[in-house]
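Okay, so here's just one chain, in structure tokens, the form predicted on its own.
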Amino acid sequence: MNKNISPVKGTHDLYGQDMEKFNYVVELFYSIANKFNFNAIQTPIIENQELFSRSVGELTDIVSKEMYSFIDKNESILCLRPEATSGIARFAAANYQSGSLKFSTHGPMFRRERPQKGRYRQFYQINIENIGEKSPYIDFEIIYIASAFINKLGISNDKYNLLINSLGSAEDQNNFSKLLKDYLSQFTKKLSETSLSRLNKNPLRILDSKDDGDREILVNAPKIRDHLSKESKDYFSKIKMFLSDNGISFQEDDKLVRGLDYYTHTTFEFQTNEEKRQNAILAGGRYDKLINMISTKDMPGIGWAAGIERLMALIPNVNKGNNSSKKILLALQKEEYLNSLNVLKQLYQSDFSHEIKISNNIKKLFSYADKNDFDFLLLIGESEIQSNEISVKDLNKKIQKTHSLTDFNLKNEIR
């Protein structure tokens, strides 16, 4: 009898330098999430299996092959969560009132995959989600946070690429799915078994295939970008404009569908430059269909997730910085005021906790700032744009000043 008990296959212990790196990644993540006014949340590790069957999709590998599920004593079917977004969406559906629910979380996930280097059956993820409101700026901000986080970790720009795509609206996807199915039906004898099982129910998922034969067939397949509605194209164009305007390089990838059933519009993935299949660092997208899949509510959402172990393997060192305690609301009456806005770039480069809010109702913007304990309100409304100024209100001292928008220096005025 062997008295030595080993860890369960696909699990690992964290200790010493690994634990220091783990804590560093998590602490840095929450500091950046807090800077953009996201709120920490923890959802249960055990969930009803139906939550993931509906949201992630019954035909996905996660649900059909990898999920740890079991029958509880009351005959209910439970599982260990394979991902975090669905649990957060469940919480949002039950607790949403108005505006945006902005969440950050981290914790263990469970998938019964084949263990290999950097891939575990119990692994840890960080997640950030914005649920309840939809705009090109929100999509851009989610991607910007990811980029800022990766850079803060010390992963240099030449080590990775950002891939983006638009899947369009649910209607766009339905129309394109028919075209894609017609094309792929010519190759039923050559498609992989997995892709054949997806052909009738969700042909879009075939774009995510890693099978070499499937990928060869897809070279000449219709491109979703050629079949988006004007509204979807305009939406995606604004996101790309924000990315370019803020110096974030990206590549468009027609086949980036992210492998889960709930995505619509924006999808994105940060990948290392390594020549191998498993090269994702961080990935996510917009999931406007998700909430309605699991509840009677219908709310938009977007977010991303990153494997902590993967990040630990990439960071060169552990070097913590300081975070300012000042909390700033940048309030604008129109989204286009953000274009080439120097104040926005100064906020990103600072250590101030902040949030961007867009509304035609200035009274609501001031009310939001008061209710959410902001220290300063930076206001750019129609009158400010006309005079090329920015109004700065110290909400604690009740003092308001105006400054030239061109010459405004954030660090000089926020002390």
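This structure is a prediction, so every number in the text was calculated from the model and none was measured. Don't overthink the numbering: it's just position in the shown sequence, from 1.
Quick note: we don't show the form predicted together with ligand HAM, though the next part is all about it.
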Answer with one of M312, V343, A283, A331: the residue that has a non-hydrogen atom within 4.5 Å of ligand HAM in the model of the complex. A283
Pick from F149, F140, Y235, Y120: which residue has any heavy atom within 4.5 angstroms of ligand HAM in the model of the complex? Y120
R258 within 4.5 Å of ligand HAM in the model of the complex, heavy atoms: yes
Might A306 be said to contact ligand HAM in the model of the complex, defining contact as any heavy atom within 4.5 Å? yes
Is there a heavy atom of S166 no more than 4.5 Å from a heavy atom of ligand HAM in the model of the complex? no
Do Y160 and ligand HAM share at least one heavy atom pair within 4.5 Å in the model of the complex? no
Candidate stretches 125 to 133, 97 to 105, 220 to 228, 183 to 191 - the one whose heavy atoms come within 4.5 Å of ligand HAM in the model of the complex: 125 to 133
